[in-house]
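The chain that follows stands alone, in the form predicted alone, written as structure tokens.
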């Protein structure tokens, strides 16, 4: 069985980060090892929350794994809270990433701006981390920040192509840009394979709702499918369809949980998508 290490925060309540990555990757038949960077009472869209930084635990945990000669087939990073944690990821890549697929979701911004906890120094460091990855999965805001382009909520194909071209120069083998809307009422993903030069675009119907954690759901499904041996385009298609399906199912819930999508109800659908 293949083994993925995912490194990101964990919210005790709320559907995001590790609480999505662990069940989704496991459901797809890959062992998912977790390395929490912080533990939160609940995610940050609640009125208040507690947060305990776990940076001081990362190195000791990794040392024990190294002592045991633990190997990983994939390393998947998500939300990282500080520049220091990003620097720790670089060391982890060096220690455990020689034979592993390095997958970076540079979670730091959305809707045209950085998250409140971050500044441009953080963004620059996160961009450096992306340069060490095999696969990166930024949204349009993150891509614009990393490439120095103006953010455009309303965008055309020429703008997206320029974003992709600049992202490719960071060095990743494959780039997936999410939140791409190339036609009215649609949203989806554009992917680029640097080796072949092949471009892949896939769109779903756009839903007039925003749920926390949908980016985590897409990324976790994407790497889970790739670990199963799926072609990168098929993996992206499945991840996009599954995310869209889960949003649609959540919209049918009378309570429509604003804090996250009902992915637990749709895991059987994911497992049977092949």
Ligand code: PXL
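Positions refer to the first chain, counted from 1. Everything numeric in this text was worked out from a predicted model, so none of it was measured.
Omitted here: the form predicted together with the ligand. The next part is about that form.
Chemist: Quick check for you: of 244-252, 41-49, 230-238, 55-63, which stretch puts a non-hydrogen atom within 4.5 Å of the ligand in the predicted complex?
Modeler: Only one stretch passes the 4.5 Å heavy-atom test: 41-49.
Chemist: Within 4.5 Å of the ligand in the predicted complex, do 79, 107 and 115 each have at least one heavy atom?
Modeler: Looking in the predicted complex, the three residues 79, 107 and 115 all sit within 4.5 Å of the ligand (heavy atoms).
Chemist: Can any non-hydrogen atom of residue 225 be found within 4.5 angstroms of the ligand in the predicted complex?
Modeler: Contact with the ligand, no.
Chemist: Please tell me whether any heavy atom belonging to residue 16 falls inside 4.5 Å of a heavy atom of the ligand, as the geometry stands in the predicted complex.
Modeler: The answer is yes: residue 16 has a heavy atom within 4.5 Å of the ligand.
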